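Next up: just one chain, as structure tokens, the form predicted on its own.
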């Protein structure tokens, strides 16, 4: 406003922006339009640019860091972040109540509980000092986590500064989550760019928080709720948990609004039953209710086991299921040639959406479940958003049904499929396979690869079908005239795409390595290769021993890179990309080399992981210097067993090899980084 001193106007704008962030991101009740909000933010940015001496770290303009971070430091939590025991029935809830009353010595008197919706996301610990956010850390193994402050600052539901509250340091704990709408949008964008889909919002939130680029984190629309105020003995805590929730809400922190203080277990049981029916009305994923003793002094008396508090439990909702007909089993061809079966279903309404397809993982999984075309099957969502086929209903199986057999040839090009001894996936090895090329081009142009905006699925389909593009290098020969002749490509769109392709030539070598789609080479491994070898030729010429010696690469990635480099067609592709002007060097700093802490160890993975993909797990293990193999032998150090682990787990038990579940694997990885 005219005549208002800049310092005062900045203060007013920051207060207004935070108020509207709360209304939009916490209460879901915006008072102004997005355009009006953007005007406030742009005015603040303009005044701060004119008066840089007035910029502070808690300004709304400072949420997103200007450059990616190099890695996450390990931090120790003030007090251990414990897990929760689970209950699955009314009887188990009442048994929990009996244990609490016995420990409290109250006889038949009812206990006051607080029941909260269980948010399906990633646990987080936030530290504020003098009312300003100074640290955000993941749960990790409960004792130590990763410092993800730069990413936490991008979450608009989390205030950078409290509007009131204690002056000294406080810690609050909560959950970072991805709304259903944001999850759907993100997976749609990933599908269009040829990137693998996230299995559920929890995985997406966890993967996003561990991304090293805060700008990317900001674009994904994470949100958060807090549910615990952590005492440190330095100041008085509110006497009850319900008082603490109210206090945190008054300070401007996001508290999930449906919590209730309930006297006695009967009201708790009714609350859980009610939300089992209403869970789909929430804008975020949930798989249950958390029940906590309200009185904090009583909590102290009840104490905790080594892993879980005795004063709290999680009631898990039963998974949502439906019966439908499995019309046929089809196969999808991915960018690496993986032929992955999926179920085509008679459309059925489940958990608020119509389901017509479901993943089937691989041929072994289909055989183990004995799924057949024509079966009536049970499908389930549970905590996941992507449905899965649980089992056939054998009593309804048609008498003429036959076991399903995996095709021996590629659906897209009719080439013979092959399978390596230590894998369950069948692959097409034809480099000219059109399905592989389509998926590969979408991956190459993806946001985390060469970032060619505008190169979507329908356009790639035309480029491949009309034989205009036969490999990645052909993208750099496209002209506005060629593109403008394609369906739904106006001159402006063609011009914009050519400009995006030209801009991608300056991408860092790390992005190019990832974009090439080399098996087992994710974003982090690509960055590691670029930092260590500095040029594309350095990577291509490196002997397998040199590749394998890099701390964050490991044998599986090294072997895959070497196989890629030894293929003459790939060498010709790189030459053509270089001649087209694509950057072949990196500006990333070169890290100091150290021996991996798990050097000499061998891991085997079996079953399905929930919080990370198999590729991410392999990458994390190999970064620590260990090897990942496909077969269990006497020389295997650890077998990591996910959900539905198979014969490898049984063999590990027979050989006396130590087994780790997913939580133990993550704890081991965090410990080695500490």
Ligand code: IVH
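Since the model is a prediction, treat every value here as computed from it, not as a measurement. Positions refer to the first chain, counted from 1.
There is another form of the same protein, the form predicted in complex with the ligand; it is not shown, and what comes next is about it.
Contact annotation: of the candidates 480, 500, 320, 175, the single residue with a non-hydrogen atom within 4.5 angstroms of the ligand in the predicted complex is 175. Only one of the listed residues (252, 334, 341, 309) places a non-hydrogen atom within 4.5 angstroms of the ligand in the predicted complex, and that residue is 309. At a distance threshold of 4.5 angstroms between non-hydrogen atoms, residue 428 is out of contact with the ligand in the predicted complex. The ligand is not shown here, and in the predicted complex it never comes within 4.5 Å of any heavy atom of residue 511. Though the partner is left out of this view, residue 82 does reach within 4.5 Å of the ligand in the predicted complex, counting heavy atoms only.
In the predicted complex, residue 439 stays away from the ligand, with no heavy atom inside 4.5 Å. Heavy atoms within 4.5 Å of the ligand in the predicted complex map, among the stretches 270 to 278, 559 to 567, 143 to 151, 289 to 297, onto 289 to 297 alone. Of the residues in 107 to 123, those that come within 4.5 Å of the ligand in the predicted complex through at least one heavy atom are, in sequence order, 116, 117, 118, 119, 123.
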